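Below you will find one chain, with nothing else, as structure tokens; this is the form predicted alone, and questions on how it binds or moves follow later.
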């Protein structure tokens, strides 16, 4: 493959007045991923280049970034695929403060996730002597299982137009995790999550643009999961109205 250019966002808030783009040239080997190219650049050309990475296998989600304007995992993106016009542009995820170069501060993302209590909240019945079994039809279990595949990469968060306009919005990742436990028959935490979910900046802020579903590297239908939460809450409102 011919030489290609990597145009990389550079910014260190501790010493830079404004961001810039730096150009690097590489001659990629077949099968080279964007993440491997970044590692090579840092080791061979510029040791100051900052980015996150861990497993290199699409499991940890830490290497999410904008690749030619789209939120993607660097470890799952081939350079040959990304360099259509001979240039690969790398930028930090949208919607996050930049710590340095391609590394962003995800504190807001994690805080929103904690607000939906993404863990099993058991009911008041005595704990079983053994494990708590999940009894669901196969289709419902598959839907719940897919929601469990989220790797917290925040690609959906970066692509969601409502996140860009309403910073208080919980965002698709948090809502997918909320759905995973709301759909679990062993869980009894709906009342504890309701304050965050049944809120203008909870499920009702979603306008179903489906960018979150398109961006997810694990092919989770986040928009569908949010719709299920909306239906559950709408049904509850109708019940309460009928009882009034």
Partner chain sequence: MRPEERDTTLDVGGYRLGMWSFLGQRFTGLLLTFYLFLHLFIIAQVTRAGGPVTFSALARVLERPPYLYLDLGLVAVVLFHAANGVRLILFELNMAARSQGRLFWWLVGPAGLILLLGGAVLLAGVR
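Positions refer to the first chain, counted from 1. Owing to the predicted nature of the structure, the values given are computational and were not obtained by experimental measurement.
FYI, the form predicted together with the partner chain isn't displayed, but the following is about it.
Using a 4.5 angstroms cut-off on non-hydrogen atoms, would residue 92 count as touching the partner chain in the predicted bound form? It does: once the partner chain is placed as it appears in the predicted bound form, residue 92 has a heavy atom within 4.5 Å of it.
Taking the partner chain as it sits in the predicted bound form, is residue 66 near enough to touch it, meaning that at least one heavy atom pair lies within 4.5 angstroms? Contact check for residue 66: yes, within 4.5 Å of the partner chain in the predicted bound form.
Applying a 4.5 Å heavy atom distance criterion, does residue 24 contact the partner chain in the predicted bound form? No, residue 24 is distant from the partner.
Can you work out whether residue 79 and the partner chain are in contact in the predicted bound form, taking contact to mean some heavy atom pair no more than 4.5 Å apart? No.
Residue among 150, 83, 113, 162 with a heavy atom within 4.5 Å of the partner chain in the predicted bound form: Flagged contact: 162.
Can you name the residues of 196-216 that have a non-hydrogen atom within 4.5 angstroms of the partner chain in the predicted bound form? Heavy-atom contacts to the partner chain in the predicted bound form: 207, 208, 209, 210, 211, 214.
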